[in-house]
Ligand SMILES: Nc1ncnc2c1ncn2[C@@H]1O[C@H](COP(=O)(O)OP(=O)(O)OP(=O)(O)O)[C@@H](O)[C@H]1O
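Starting off, we have a lone chain in the form predicted on its own, written out as structure tokens.
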Amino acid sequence: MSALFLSSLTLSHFRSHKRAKLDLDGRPVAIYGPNGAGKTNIIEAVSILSPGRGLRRASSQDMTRRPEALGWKVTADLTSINQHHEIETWSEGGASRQTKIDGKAAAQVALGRIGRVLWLIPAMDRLWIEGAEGRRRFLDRATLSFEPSHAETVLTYEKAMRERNRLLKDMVRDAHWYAALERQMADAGAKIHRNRMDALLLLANAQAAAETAFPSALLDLTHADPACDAPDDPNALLAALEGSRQRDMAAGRTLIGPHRADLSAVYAAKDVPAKDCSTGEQKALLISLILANGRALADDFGAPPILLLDEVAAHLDASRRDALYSEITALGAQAFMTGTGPELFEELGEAAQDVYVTDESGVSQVSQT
């Protein structure tokens, strides 16, 4: 199996870090220290080495260190399937983020072609019991990990939908104004649905093929409004959009399409919907899906992804922690994990690199052991 890992990571004026440099060797990374010291800021920096807005979905302005607000920069050396890349991503004065790969300007989608990053953060713990938007985002991150162009397809769809919604709110009835927008939405929407279904199949196969200490989840994609019988067919979706104009105009927004989809999960061994499971079971299901995503990517991409697991150990007992660390080690993934103390990572021993983070007068300090 080929490797995918960061060998160095440098943060400059990023969040609480004025400057931090980590020298890495591909092993899992145990990041520990007091609450508020800046541990999560490190893994957020890793998350923006992939397409999108990172694990906090923050703006470039929010990532800059205060009070200087000079802008920020993250640089990294990435080994990806026996190739080495230098990545730089930065923002000046709150402007849109810019990216270079090997010294050349690059679009964010290019980051997804040379590497894969997955994450699990405490904000996702309520995924199964809150609104559908978070579950769509979770599914789209998994889909993006397999198909980097998925992000561009989603943006195309959402841009056309915003324009259509503006027409609906203005009560525009002339069909000619809608034709091009609905064609764009139909083409992109059908592709979004196909990409998502492909990702669900890959996740299902990865769960079925593995013996793991974490429970399997049966996943399904549902739609709030089944007005389109074939959401993967652009012509069928186009006809559904055209036929829904009057109803959409009354609502002032588009009521059908992939933006109305929802991801459902069932705890397979107990045949219980995830939303009805205990908090611990819901967390275990999330971990199971992240690990399944990692295994599927190892086969699909050729190397396991970089994993970002924020405060994951705090919610697991010792046996579950040991099982998680064993699966990460067996997968061969470089996992960045945060926790308040080194005892949370004892089961890893020499299999991990330790990073200690402290706060000194509002500035994060990083040391490696």
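All residue numbers refer to positions in the sequence shown, first residue = 1. Worth saying up front: this structure is predicted, and the values here are computed from it rather than measured.
Not pictured, yet referred to below: the form predicted in complex with this ligand.
Peer 1: Should Arg65 be classed as touching this ligand in the model of the complex when contacts are defined as heavy atoms within 4.5 Å?
Peer 2: Close contact exists here: in the model of the complex, Arg65 approaches this ligand to within 4.5 Å, heavy atoms only.
Peer 1: Looking at the partner-bound form in the model of the complex, is Glu311 within 4.5 Å of this ligand by any heavy atom?
Peer 2: Contact check for Glu311: yes, within 4.5 Å of this ligand in the model of the complex.
Peer 1: Looking in the model of the complex, any heavy atom of Thr10 within 4.5 Å of this ligand?
Peer 2: Outside the cut-off, so no.
Peer 1: Against this ligand in the model of the complex, would Arg56 count as a contact residue? Criterion: heavy atoms within 4.5 Å.
Peer 2: Answer yes; at least one heavy atom of Arg56 falls within 4.5 Å of this ligand in the model of the complex.
Peer 1: Of 324-332, 46-54, 300-308, 27-35, which is the one stretch near this ligand in the model of the complex, taking non-hydrogen atoms within 4.5 angstroms as near?
Peer 2: Heavy atoms within 4.5 Å of this ligand in the model of the complex occur in 27-35.
Peer 1: Can you list, in sequence order, the residues from 76-106 that come within 4.5 Å of this ligand in the model of the complex, counting heavy atoms only?
Peer 2: Not one residue comes within 4.5 Å of the partner.
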